[in-house]
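Here you get one chain, nothing else, as structure tokens; it is the form predicted alone.
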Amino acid sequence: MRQMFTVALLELRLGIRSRWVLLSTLTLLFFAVLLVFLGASPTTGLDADPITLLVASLATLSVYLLPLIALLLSFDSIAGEVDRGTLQLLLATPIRRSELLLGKFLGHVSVLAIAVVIGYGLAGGLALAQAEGSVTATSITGLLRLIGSSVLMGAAFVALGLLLSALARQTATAAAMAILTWLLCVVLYDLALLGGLVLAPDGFFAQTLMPYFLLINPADAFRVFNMALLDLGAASTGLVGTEDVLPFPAAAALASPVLATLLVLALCIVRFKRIQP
């Protein structure tokens, strides 16, 4: 266990030294602050406080940004070690492969969590300063819920990046697989669901299966979880309006990235044990 946390701390230090923490934080902060000013515009037409508008906007934007950042953080975790010839040295130390893999996972998730907490937290503080007393406890809870669920969704894609890295064993191949995975999960999957809705807007798929297909993808489940608990969910996303229209509790959507993380990590450990450096 101690070796696992040592690897995690090393990965976190590498993330700071390579400016991954700084770059990720500035990226999230830039878009979050931009959304704060856009949400404060009188042309938005939504009667909600700035923090609620920020949470609604970030719940959609995060689906695109966080999976990409997570995959870029982790795609060379194993393939890079193989390319540099350092994997054999790591495996020669008294550490189990599962501990090494989980340590890398925790380190990358820590980098992502720091970026999310600082980026979204500062943007939330700016929105709070602009609110002029109109902020409620519900909107603050929504922001905290967004930050926590963002880390969980990012963890699912960090684990996916590790699995791709173990499967590819070459950095260039792992990078190509990471980009393709991002396109499939974030863009093409939603397009396929949208196509099903267009073809049969009142059919069995749209009325019954659609919410459950959203749960399969951790990114969509993240958006459903956050938007279902906001009063302006339907106006902001066009997907799921409020919690009472879902055929399951909103908390069930939060279980999707958790289960996906555990499943992908288990597959990654199995694959990693078969790698011969």
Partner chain sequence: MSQVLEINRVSHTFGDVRALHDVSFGVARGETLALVGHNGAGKTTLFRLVLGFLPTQCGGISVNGFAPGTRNAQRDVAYLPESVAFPKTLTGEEIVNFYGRLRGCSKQAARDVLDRVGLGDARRRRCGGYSKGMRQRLGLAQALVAAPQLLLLDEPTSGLDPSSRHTFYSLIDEIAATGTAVVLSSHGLNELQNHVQRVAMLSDGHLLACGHLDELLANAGLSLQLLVRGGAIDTETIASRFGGRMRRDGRCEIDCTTAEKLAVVRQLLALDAGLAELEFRAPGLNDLYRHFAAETPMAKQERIT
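Residue numbers count along the first chain shown, from 1. In this text, all values refer to a predicted model and were calculated from it rather than measured experimentally.
What comes next is about the form predicted together with its partner chain, which is not displayed.
J.: Although the partner isn't part of this model, could you tell me whether L91 comes within 4.5 Å of its partner chain in the predicted bound form, counting any heavy atom of the residue?
T.: Judged by the heavy-atom cut-off of 4.5 Å, L91 is in contact with its partner chain in the predicted bound form.
J.: With the cut-off set at 4.5 Å between non-hydrogen atoms, does T138 touch its partner chain in the predicted bound form?
T.: Contact with its partner chain, no.
J.: Taking its partner chain as it sits in the predicted bound form, is A206 near enough to touch it, meaning that at least one heavy atom pair lies within 4.5 angstroms?
T.: No, A206 is distant from the partner.
J.: Hey, in the predicted bound form, is D190 touching its partner chain, heavy atoms inside 4.5 Å?
T.: Flag for D190 set to no.
J.: Answer with one of I118, A131, I95, A176: the residue that has a non-hydrogen atom within 4.5 Å of its partner chain in the predicted bound form.
T.: Spelling it out, the residue with a heavy atom inside the cut-off is I95.
J.: For the interface check, one of 121 to 129, 157 to 165, 77 to 85, 143 to 151 should have non-hydrogen atoms within 4.5 Å of its partner chain in the predicted bound form; which one?
T.: Of the stretches listed, the one contacting the partner is 77 to 85.
J.: Using the arrangement in the predicted bound form, list in sequence order the residues of 3 to 24 with any heavy atom within 4.5 angstroms of its partner chain.
T.: Contacting residues: Q3, T6, V7, L10, R13, L14, R17.
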